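Just the one chain here, laid out as structure tokens, in the form predicted alone.
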């Protein structure tokens, strides 16, 4: 992953906590505008996958350094195939593997490394290059692309986010109060870690467009972002 910082043409940065529909919204906004979609979280998941494959101990600084070196050498490619994001590591499709519970369980710890985050940020900037892109994450508008063309912060109630996560991961338990409580607890803990971390904490950029998706259907939240982007394009 090169550290070159290319000229930025236009970026729509979509940030927010887990379960607010960032990724699906960003993909559809990109499709409607004809822009590229870049999944920032995939980079951290690839890093977590590398840590597992190399059997690295994240509590050991020497192993942390090995992980950073491995990530810098990694060839990571993203593309949309049939409407589905595909992630390749050195030509190998790891789209499914980076979503496994094993990767998910350590990705937050991997992302806590400030030096590794810099490597990821540089890789995201290279992915965009001189083109146009829609990128979702937790610090895209505040750290990675602070001069983004449009910044959006999606949010929703904890209960609604838990409901969405259960419906997505375990549809048969969508109305199960035990499952909903478990997912809500997990999301609340993730929120706490993201907001309290010392480097690039989750927060809305001062000039971000805030959208509460709790009572919005998918098409409505996508339409609000697309409309805001088109309005801004019309003024440039």
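Nothing here was measured: the structure is a model prediction, and the numbers come from that model. Residue numbers count along the first chain shown, from 1. Rigid core here is just the name for the largest C-alpha set that superposes within 1.5 Å across the two forms.
Beyond what is shown, the protein has a form predicted together with cytidine-5'-diphosphate (CDP); the following relates to that form.
Site residues 22, 111 and 138 are all in contact with cytidine-5'-diphosphate (CDP) in the predicted complex, judged by any heavy atom within 4.5 Å. Here the chain stands by itself, but in the predicted complex one stretch of 69-77, 148-156, 84-92, 99-107, 99-107, has heavy atoms within 4.5 Å of cytidine-5'-diphosphate (CDP). A heavy atom within 4.5 Å of cytidine-5'-diphosphate (CDP) in the predicted complex is found for exactly one of 222, 228, 18, 216: 18. Among heavy atoms of residue 197, some come within 4.5 Å of cytidine-5'-diphosphate (CDP) in the predicted complex. In the predicted complex, no heavy atom of residue 163 sits within 4.5 Å of cytidine-5'-diphosphate (CDP).
Not displayed here, cytidine-5'-diphosphate (CDP) is approached by residue 117 to within 4.5 Å at the level of heavy atoms in the predicted complex.
Contact annotation: residue 183 falls outside 4.5 Å of cytidine-5'-diphosphate (CDP) in the predicted complex, judged by heavy atom distances. After superposition on the rigid core, the Cα atom of residue 43 is displaced by less than 2 Å between this form and the one not shown.
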